[in-house]
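Before any questions on how it binds or moves, here is one chain, the form predicted on its own, in structure tokens.
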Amino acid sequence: MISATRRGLRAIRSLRERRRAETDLLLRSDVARAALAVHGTPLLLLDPERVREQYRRLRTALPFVRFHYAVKALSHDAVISVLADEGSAFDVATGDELALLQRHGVRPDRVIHTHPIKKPAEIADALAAGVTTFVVDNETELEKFRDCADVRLLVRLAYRSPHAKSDLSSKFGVGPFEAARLVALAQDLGIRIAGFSFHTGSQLDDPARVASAITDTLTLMEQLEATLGVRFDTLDIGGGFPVAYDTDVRSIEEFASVIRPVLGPHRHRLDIIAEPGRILVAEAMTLVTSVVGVAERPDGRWYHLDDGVYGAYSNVVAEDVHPFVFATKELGGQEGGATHRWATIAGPTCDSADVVAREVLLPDLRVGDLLASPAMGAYTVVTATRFNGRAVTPVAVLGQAPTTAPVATEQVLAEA
């Protein structure tokens, strides 16, 4: 099995070499070869078992935390199916994401709605589906729940993290003074505030910052319980667990070892939840593309691919991710020989901004040669566009029953 062999690759010390070895292992498998033979490129290869592995690692590292998968990271049926099977809960931000969970029979008590800003109709639909936990961060949103019975609201706090790839507190969340005012207002309106949520930022490889935010939130909860006579029962520590793209980051286990001692003493009093997205799905998908053009320009060699930043490489722009790009012709062999040269990798659209990477050391490539990028499961196909009328990159799910349907965004293939 690929997964069993892959576990041995974790001993490889260099991240780049580890990613190359993982990519080589995947692309030499019969199931990946068959998928590419059937569908061509560009193609995303999704291995749901990697999602399962990551979920189990999180559960082991933080056994008293209830994980709500952030569906927005990769809203794919195969991902929802494997996580639902593992007993995961879910975090949605839209009605469409909720509908996806409903199609998989996920119970509403396993779903929280965490978008701080919602249309009244979205709230009504979620309530009608049985969802009762929502997030707010301002008075206007709180007012939307004035006549809603049996809701549990979490007030979102803002903790600035300038070293995160995306400091989400720049758009959402409030400080302690405003949080206290919202709790008091909710009391006047007869609305239950169950606790607080926060998100210290995407790709923040700083567990001490998360531990500090947890400590500050727990202190605020104790203060408000004493002054306002309320009782909180929920602490949502958000997501943001980092993923190694082109540089190493702390492992799940290392990250958890820092925040676990802070959370542990409160495990029996509070329902501690988290919203992991990227960490569960990023490494579960690999993108395979083809060279469609080769050009010599004043700044050197350019390779034009059949996918780019308006497609599955959208994470380059939207997430400031810098994925590895490997020429499949040299996977498993030596890299960076005398015939290699620095090149620019461009996408297929007519926009000059469609550049995936610059100064990439690659062998001499021709039209039709394949390139592969690992760790492309999070915020790739979900943030892609149809610019220039190009289709969204299809996904081949490894390990499911075969289908004869035309290539679409959800394509499955049998394990060989």
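Keep in mind that what you see is a predicted model, and the values were worked out from it rather than measured. A residue's number is simply how far along the shown sequence it sits, counting from 1.
Only in words, not in the display: the form predicted in complex with a small molecule, which the text now covers.
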> in the predicted bound form, does G239 have a heavy atom within 4.5 Å of the small molecule?
Replying inline: yes
> So, in the predicted bound form, is T133 in contact with the small molecule at a 4.5 angstroms heavy atom limit?
Replying inline: no
>> Does any part of S202 reach within 4.5 Å of the small molecule in the predicted bound form? Heavy atoms only, please.
In response: yes
> Is E275 close enough to the small molecule in the predicted bound form to count, meaning some heavy atom within 4.5 Å?
Replying inline: yes
> Any chance K72, R156 and Y379 all have a heavy atom within 4.5 Å of the small molecule in the predicted bound form?
Replying inline: yes
> Can you say which of 215 to 223, 299 to 307, 339 to 347, 275 to 283 gets within 4.5 Å of the small molecule in the predicted bound form, counting heavy atoms only?
Replying inline: 275 to 283
>> Which residue, S290, S314, S88, T114, is the contact with the small molecule in the predicted bound form, using a 4.5 Å heavy atom cutoff?
In response: T114
